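So this first bit is one chain, no partners, the form predicted alone, shown in structure tokens.
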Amino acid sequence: MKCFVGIDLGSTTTKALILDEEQQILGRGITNSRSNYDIAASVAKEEALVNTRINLVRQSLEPVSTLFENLEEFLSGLERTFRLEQFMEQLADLESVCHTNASGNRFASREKTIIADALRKIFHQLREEAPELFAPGASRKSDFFRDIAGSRYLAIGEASARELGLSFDLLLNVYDRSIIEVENHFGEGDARMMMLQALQRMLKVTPELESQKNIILEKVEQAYNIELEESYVVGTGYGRARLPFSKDHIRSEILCHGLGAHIMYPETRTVLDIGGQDTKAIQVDPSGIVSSFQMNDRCAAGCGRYLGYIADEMNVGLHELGPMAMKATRKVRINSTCTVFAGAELRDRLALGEEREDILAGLHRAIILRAMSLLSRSGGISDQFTFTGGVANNEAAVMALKGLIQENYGEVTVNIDPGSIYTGALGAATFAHRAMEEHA
């Protein structure tokens, strides 16, 4: 099967998307790796390949869906079990690399012994906790391995360091050096093995499927026997200059976001993308070709990085900002969306007795007001309007945007796809498909 890959190297996350020859989405992958762009591109693509295989397994089992009491429930359990297998494999890899780095010449003999004891304790507890993270209905603040493992490593490591009389900085140093080596160790062959292991586990806890075991295993094997031929790759995004392939395979993020939005919603005429580091206001014609644009890339004001900074200042998760702002009873007027001054203004507002929810509602409105200015300079808002990027998943930002569009432009259809964060990668993969057609 010929595949066309788009990779969007953002400043905070890297996305990959795979299309087939019919331009149907096979799989999508994302990572927040901050090690370097080469690793980020590799990890995102591997995640997209894993997602592709999971989707192919789904397609393979659908013809025999009558074997299952509830196929969707079985597939959901299979994916959770697979993700646990994947997590445990990565955890074992991380533990091995941590021990190797801890035994280096940079540490004294006594330190090596104590660090080794601390690492054994940390990873034992991480393994014990892992099944709960992937249990049905489990809530995780992140789906990224480095976040899940990292946050618990730090929490357990801090307690272990105190107990052993060890400097926590030494454990932190070992982790920082090791996670970079571990992040891109995962491959397609590993995924196949872990999927089969996950399937065996699922069949053990589903006795009613025992008689159909061979049929199910055969169907899953068929999905993994499909050869995925990487025919063409196109990269885009904030870090596109660092992508590990030639300039012929690079497209600007403006073009990719415009085309990606057009593919999602063919009637789109205006696109707003609020990413981690920049905001883009784009006008496209009926073919998805960019006719004009404005971009704020001089600072992180009004972007995902800004919201991340606010979340850190408030000591809450980034995903909690939107829901908190939705509880506001009024909007506090925010004078600046400059990241440099955000912390000071936030602390001043809190000191004056303003509610956090009201401050956040004002912050979201200020961010969208800044985006509205870009939209105006790019040519205004035309029907239909498509909102993309990570901030499009923030309900408070969406509400503020819809309100301001209504105030300034009247009734406009606002499109927000659940997978909007992949818009740039979708545009890049579509360019890859077109490039292959041109070369044919």
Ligand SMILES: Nc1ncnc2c1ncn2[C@@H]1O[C@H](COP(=O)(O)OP(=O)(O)O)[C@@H](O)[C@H]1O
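Keep in mind the model is a prediction, meaning the values are calculated, not measured. A residue's number is simply how far along the shown sequence it sits, counting from 1.
As for the form predicted together with the named molecule, it is not shown, yet the points below apply to it.
Asks: Counting only non-hydrogen atoms and a 4.5 Å threshold, tell me whether Gly77, Ala191 and Leu199 all contact the named molecule in the predicted complex.
Replies: No, the whole trio is out of contact, none within 4.5 Å by any heavy atom.
Asks: Based on heavy atom distances of 4.5 Å or less, which listed stretch (221-229, 167-175, 272-280, 148-156) is in contact with the named molecule in the predicted complex?
Replies: Selected range: 272-280.
Asks: Decide whether Ala44 counts as a contact residue for the named molecule in the predicted complex under a heavy atom distance cut-off of 4.5 Å.
Replies: Contact with the named molecule, no.
Asks: Does any heavy atom of Arg333 come within 4.5 Å of a heavy atom of the named molecule in the predicted complex?
Replies: Result no; Arg333 lies far from the named molecule in the predicted complex.
Asks: Taking the shortest heavy atom distance, is Thr430 within 4.5 Å of the named molecule in the predicted complex?
Replies: Although the named molecule is absent here, Thr430 would stay clear of it in the predicted complex, with no heavy atoms inside 4.5 Å.
Asks: Mark Ile421 yes when one of its heavy atoms lies within 4.5 Å of a heavy atom of the named molecule in the predicted complex, and no otherwise.
Replies: Flag for Ile421 set to yes.
Asks: Looking at Asn36, Gln59, Asn393, Asn408, which has any heavy atom no more than 4.5 Å from the named molecule in the predicted complex?
Replies: Contact with the named molecule in the predicted complex is made by Asn393 alone.
Asks: Using a 4.5 Å cut on heavy atoms, which of Leu307, Ile368, Leu94, Leu360 is close to the named molecule in the predicted complex?
Replies: Checking each option against the named molecule in the predicted complex, the one that comes within 4.5 Å is Leu307.
Asks: Judged by heavy atom distances of 4.5 Å or less, which residues of 37-70 approach the named molecule in the predicted complex?
Replies: None of them.
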